[in-house]
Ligand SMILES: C[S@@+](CC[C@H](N)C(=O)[O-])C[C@H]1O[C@@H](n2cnc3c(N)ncnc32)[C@H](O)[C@@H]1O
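Below you'll find only one chain, the form predicted alone, shown as structure tokens.
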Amino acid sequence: MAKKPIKAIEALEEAQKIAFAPFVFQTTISLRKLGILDYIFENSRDGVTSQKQLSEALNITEYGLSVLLEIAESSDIVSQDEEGNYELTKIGYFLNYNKMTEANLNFTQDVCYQGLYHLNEAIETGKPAGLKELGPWPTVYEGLSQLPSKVQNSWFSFDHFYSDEIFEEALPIVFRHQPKTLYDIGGNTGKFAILCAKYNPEVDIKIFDLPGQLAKALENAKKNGLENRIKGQEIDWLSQKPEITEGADTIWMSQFLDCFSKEEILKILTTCVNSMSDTTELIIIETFTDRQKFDNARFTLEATSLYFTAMANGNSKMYKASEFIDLATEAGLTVKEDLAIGEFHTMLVCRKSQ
């Protein structure tokens, strides 16, 4: 969609916002961490949110408050009335209290911020050059179970926010043909596998993942008393010839394939096709950039692509649905159903091509 033209002075203003965007971002992090946004929101109606009153209540110097609140006001995060009292704007409210924004902020700050400095190197080399800020692994997935707890929590909170909300809606579709054996490819913490086992007491689930994630998933299955029905197999999809066993009635991949390049996705799908019978369903769940109702959702996905570039593996991204459908066809699959699910997701239900 063509953008509306803007005046040169407006364009210059927007350019300065981009030039100083890290300053505004770190200001937001500080306003949240120091409790300033909370205090303003909780006390603005009582008229006790002047800079002096904030300083006394929060034990922060007026100087420190001044540098934060001045740029916060210019960025429309807070506003100030004639008496000098602050209140949150709608932007400030969403920055402090919206769960999606919280997941995005913490993911950017704890997982990506330092690594994004190396984005240019990642583009030039095709390697996740920023990952060295977190650890010495070739991709983030090998190190996921070893990340510091704060970083790990922000990673999983971000991942789960954009996946968990569709699980309940997806379960009736997954089990409408009463599968007896379900393969969960990239099972992560085992959350979906556990939900499946509780939803249908007759299904057996096999999780395929890297050793660290698989151990965590199987530990969680055991905590839920499901170790007899949830098993696992270690697999490295980047190895020369990965294999999975035959026997699945349903193969489930939720926000998994976007962690790979197109060539790697084709290899994974082809491997799955080789294990499938004519009745096996392969279900792909993704947040596609060309399937979003709102511009801010597409923007979030495009920003996430830069995480993959700089931090995760250097060669994957958030894809268009059309790209995935082409890859599925090339791998020997036919997309039988193309379903919108949840607010952001698409479900592609595939069968082996005849």
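Position 1 is the first residue in the sequence shown; the rest follow in order. Fair warning: this is a prediction, and the values are worked out from it, not measured in the lab.
What follows is about the form predicted together with this ligand, which we do not show.
**Request:** Please run the contact check for Leu266 against this ligand in the model of the complex: heavy atoms, 4.5 angstroms, yes or no?
**Result:** Answer no; every heavy atom of Leu266 is more than 4.5 Å from this ligand in the model of the complex.
**Request:** Consider Leu238 of the chain shown here, and say whether it contacts this ligand in the model of the complex, taking contact as heavy atoms within 4.5 Å.
**Result:** Yes, contact at 4.5 Å.
**Asked** Do Tyr141 and this ligand share at least one heavy atom pair within 4.5 Å in the model of the complex?
**Response** Yes, Tyr141 is a contact residue.
**Request:** Give a yes/no on whether Glu219 approaches this ligand to within 4.5 Å in the model of the complex, heavy atoms considered.
**Result:** Heavy-atom contact with this ligand at 4.5 Å: absent for Glu219.
**Asked** Which one, Thr250, Asn200, Asn96, Asn188, lies within 4.5 Å of this ligand in the model of the complex by heavy atoms?
**Response** Contact residue from the list: Asn188.
**Contact residue in the model of the complex, chosen from Ser254, Asn85, Gln109, Ser75 - any heavy atom within 4.5 Å of this ligand** = Residue within 4.5 Å of the partner: Ser254.
**Prompt:** Can you say which of 109 to 117, 273 to 281, 161 to 169, 77 to 85 gets within 4.5 Å of this ligand in the model of the complex, counting heavy atoms only?
**Reply:** Heavy atoms within 4.5 Å of this ligand in the model of the complex occur in 161 to 169.
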